[in-house]
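Just one chain follows, in the form predicted on its own, and it is written as structure tokens.
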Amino acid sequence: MRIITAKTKLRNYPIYISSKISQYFPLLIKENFKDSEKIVLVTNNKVFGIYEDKINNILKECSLPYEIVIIQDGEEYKNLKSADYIYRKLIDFNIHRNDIIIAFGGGVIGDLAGFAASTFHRGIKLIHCPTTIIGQVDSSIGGKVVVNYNNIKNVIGSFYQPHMIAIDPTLNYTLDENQIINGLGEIVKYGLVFKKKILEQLSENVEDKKKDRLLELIKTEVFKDIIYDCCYIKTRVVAKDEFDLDYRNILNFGHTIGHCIESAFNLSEINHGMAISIGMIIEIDISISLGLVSEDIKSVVLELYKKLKLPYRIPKIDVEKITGALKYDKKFKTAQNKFVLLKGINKPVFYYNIEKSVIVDNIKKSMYNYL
């Protein structure tokens, strides 16, 4: 088992990574949560349908009374209504501050259960058990707990660090191809911004011609190393800027436009990782338009995208639906926009006050059948 210690002002916490995490989990509960008396596990209907027996067996081994709360699957359910449903279940089960919420699912469940844990009794124990690639390499780490509101992505939330993260890479094997692509988009971000070797490992270990090449890729030992590297990078970024005031904004490469794409398509038609993949291409195009980088970098990235089946175009839509959502970006101020762009691979840069026409023109480049 590999262990990373995340160090933050709120608390230090362990990240355990192992294909045998289900065997270790009851012992980790007994060792790290000695004063806890109850467990509430939050998941969604899709994940529960796959792992019902596994969930119940693990929780029984923890030797604490437990309840399971099931939310509908989908980004559109990451909202205050779902949070209220969780609160009512916590009250019914008489949960106290020393008790545990386990978020067992992808990024949506992690955000939603984390938000409930951070606000119930002003904060109860939180464990993330991410079941998706995007949850394992990114969203479970760093303490951002959020919900969407009125079709605006991640606009209500707080910072609340988990008390433990338990990652089992084999849980990814039940993901459908769209969810694998969802996670690979986030991993490519780490490669472009922080560690070029990740891009090389992805390219070298995916077989171009095989139909099931993405599933085969995530089953490799190299991919487990990539998960570890992404987790390590994320913990170090968070340690430098826990509350996302400056340096941590660097993790938003591709997200500034990507979140707007998600909102424009009603938080349901294009998933997060796919929106981020498209967002990265648009932000590379913006970087090219501003003379920060040459066209060559886009060619290299698109070659990898094709191997990984990552999307780089969006359906034609009123551009104002995308640019209109930019005003809700947390990096922006009333009279100032802020983007993370590239001067090269592993050379991110903050860029301020980009003309709207530049943003619009480069969004249009990524639309299908745009005239």
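Residues carry their position along the shown sequence, with the first being 1. The structure displayed is predicted, hence computed values, not measured ones.
What follows is about the form predicted together with a small molecule, which we do not show.
Contact flag, A117 vs the small molecule in the predicted complex, heavy atom cut 4.5 Å:
No.
I'd like to know whether G107 contacts the small molecule in the predicted complex, with contact meaning heavy atoms within 4.5 angstroms.
Result yes; G107 sits at the interface with the small molecule in the predicted complex.
In the predicted complex, does I100 come within 4.5 Å of the small molecule, counting heavy atoms only?
Looking in the predicted complex, residue contacts with the small molecule do not include I100, since no heavy atom lies within 4.5 Å.
Look up in the predicted complex whether E75 has a non-hydrogen atom within 4.5 angstroms of the small molecule, and give yes or no.
Yes, E75 is a contact residue.
With the small molecule left out of view, choose which of I314, L310, I58, V47 has a non-hydrogen atom within 4.5 angstroms of it in the predicted complex.
It is V47.
Could you check which residue among L171, I198, I227, M164 gets a heavy atom within 4.5 Å of the small molecule in the predicted complex?
None of the others qualify; the residue that does is L171.
Is the small molecule in the predicted complex close enough to E283, L292 and K321 that every residue in that trio has a heavy atom within 4.5 angstroms of it?
Checking in the predicted complex: none of E283, L292 and K321 is within 4.5 Å of the small molecule.
Go through 283-291, 131-139, 215-223, 84-92 and give me the stretch that gets within 4.5 Å of the small molecule in the predicted complex, heavy atoms only.
Among the listed stretches, the partner-contacting one is 131-139.
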